[in-house]
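Here's a solo chain for you in structure tokens, the form predicted alone.
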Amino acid sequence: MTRTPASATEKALHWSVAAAVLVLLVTGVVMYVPSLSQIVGQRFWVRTSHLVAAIVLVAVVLVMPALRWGELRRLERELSFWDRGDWDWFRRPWDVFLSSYQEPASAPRRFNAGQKLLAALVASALVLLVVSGVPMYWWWLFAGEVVQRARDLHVLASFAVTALIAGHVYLAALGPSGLLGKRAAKR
């Protein structure tokens, strides 16, 4: 099965979002863990870096589709369309993590169900993070209860994004089609 390679626009979108999310995760952990905050110090710069990375993330997600609408619309359709093969993939999810899943040769697709689900979950979590970050940043405009709930939601969504990215990196490196996986070793 041959897969269509990612375009330069797709790669730019992926890596710019990935870089922004990495900065957000690192700075978020430093701000969230008191001992790391004390070790790193420079809370103003850590917080500013966090905010700048959030702005970059939102800008990338808004600007890139405006510049490359056709290409990214195609990508969105490929990620949004689910067929029978995708549902079959979900019947054996652990096979994917154990590198024993074989993609059916009869259904060549760019993205498997796990990649589609990852894209949907990460996009949803990032929206939650941006929305919950607003009352945290402009806390004086909101009731204390709203700010506290936003903080709780922000922390939960960041844990979810961290877990999703860890799974993504693991599968990209060691999964069946990963850089260091069994099929990569046979190539």
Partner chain sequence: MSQPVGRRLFLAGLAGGVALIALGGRLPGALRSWLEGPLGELSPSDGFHFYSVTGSIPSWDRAGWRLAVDGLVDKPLSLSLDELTSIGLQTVTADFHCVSGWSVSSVRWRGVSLAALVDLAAVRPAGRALRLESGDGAYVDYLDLEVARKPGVIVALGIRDTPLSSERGAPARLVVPFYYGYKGVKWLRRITVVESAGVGYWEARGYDADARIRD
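Quick caveat, the model's predicted, so the values are computed rather than measured. Positions refer to the first chain, counted from 1.
Missing here is the form predicted in complex with the partner chain; even so, the following discussion is about that form.
Engineer: Only one of Leu51, Ala59, Val127, Leu67 has a non-hydrogen atom within 4.5 angstroms of the partner chain in the model of the complex; which is it?
Structural biologist: The option sitting close enough to the partner is Val127.
Engineer: Does Arg91 make contact with the partner chain in the model of the complex, using a 4.5 Å heavy atom cut-off?
Structural biologist: Outside the cut-off, so no.
Engineer: Is Leu72 part of the interface with the partner chain in the model of the complex - any heavy atom within 4.5 Å?
Structural biologist: Flag for Leu72 set to no.
Engineer: At the 4.5 Å heavy atom threshold, is Val33 in contact with the partner chain in the model of the complex?
Structural biologist: Although the partner chain is absent here, Val33 would touch it in the model of the complex, with heavy atoms inside 4.5 Å.
Engineer: Should Ala123 be classed as touching the partner chain in the model of the complex when contacts are defined as heavy atoms within 4.5 Å?
Structural biologist: Because a heavy atom of Ala123 falls inside 4.5 Å of the partner chain in the model of the complex, the answer is yes.
Engineer: With the partner left out here, which residues of 130-152 have a non-hydrogen atom within 4.5 Å of the partner chain in the model of the complex?
Structural biologist: In sequence order, Met136, Trp139, Trp140, Phe142, Ala143, Gly144, Val147, Gln148, Arg149, Arg151, Asp152 come within 4.5 Å of the partner.
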